[in-house]
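Structure 1 and structure 2 below are the same protein chain in two forms, each given by itself as structure tokens.
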Structure 1
Amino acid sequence: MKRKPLDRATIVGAGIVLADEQGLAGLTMRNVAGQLGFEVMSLYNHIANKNDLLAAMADQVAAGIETPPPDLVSLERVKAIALALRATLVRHPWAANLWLQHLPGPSRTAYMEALLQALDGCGLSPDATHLGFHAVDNHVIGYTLQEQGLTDGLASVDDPEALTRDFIASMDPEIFPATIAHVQQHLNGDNGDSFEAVLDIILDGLTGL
């Protein structure tokens, strides 16, 4: 049985699959090679080192961000891009963290361009446009990081809800009443989609500048 020869794109793809399945902790060079049916050192004919692989994975993920249809314009377009980014980052929970540590590659630059051009089409002041990029980009990435951060850190907790209850139980109601109430709200799940609500606040605020 003849294997297909290794190449960079294949390696990056395998890395993404592996990280999706096992998180970044499971992403070892030996695992990547094993998944492809090769030995570790063969990878290094196509990538410089692990950091290079991580950067490539981070960028490749950006290629999966869906572009809204061209007839969607103005702030609705900005919002659509934000939601598309969020969907992608949720699909690859390890990616947001990597975005923090690596410069954008071509795909992520294309996402930036799309968002910036969408903002340009909103008739905002130049300052508000510049600001809007960071506000939206940061909101999406930051929110997803917080939401999924525990996924990687507290990986493989079978009952996250019990953990939340324990967290509440560990607090003195005399000292932390507001925090207990806040966390309780999360348990009840009666806070709608706060991601989108804050996004709307930001978008509204931009028009006022």
Structure 2
Amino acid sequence: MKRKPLDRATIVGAGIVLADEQGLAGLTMRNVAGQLGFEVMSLYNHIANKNDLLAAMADQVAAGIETPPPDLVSLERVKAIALALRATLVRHPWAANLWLQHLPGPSRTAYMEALLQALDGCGLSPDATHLGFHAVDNHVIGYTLQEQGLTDGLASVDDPEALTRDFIASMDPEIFPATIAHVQQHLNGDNGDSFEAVLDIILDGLTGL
């Protein structure tokens, strides 16, 4: 069977597939080349190096961020953009870390522009728009990174619940009553998904600016 000609988009797509399956730890130029049926040196005709590949992968993931319906206005539009980014990063959990390591490409820049324009459309001052962008963007990325780190960390533990109970038992209830109650709430599983609730708190705070 004749191989599909190699190009940059094909290499980036293969990198995304590998990262989705194995995480960034399993992503090497050699693995990408092997998946495509080429020698690794063939990739360097289209990709400068692994750093270039990672930056391109992050931007390609950003191209998949869903555009909110045109009838959404004000904070509804801001929230829809934040939720769309969140959904994209959940599909590709390795990508959140790359957001912090690489300058934005065209697709990430388009996402930034959309969020900034949505905030500006809320009637915020330039300073409030600036703060609002970082509050919303940092919440989405930070929450995703924390969630991913927790998932990866617990994956190596045989009994996460026992580990959590040991952590609670190690604290003096007279010194750390609030922390114990907080961790116990996680253990009870009655706190739900806090992502959207915290996002609403951020958006409510922006209206005060």
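Computed from a predicted model, the values in this text were never measured in an experiment. What we label the rigid core is the largest C-alpha set whose atoms superpose within 1.5 Å from one form to the other. Residue positions are counted from 1 along structure 1's sequence.
One chain, two forms displayed separately, with the form predicted on its own being the second of them, structure 2. Annotation for S170: C-alpha shift of 2 angstroms or more between structure 1 and structure 2, rigid core superposed.
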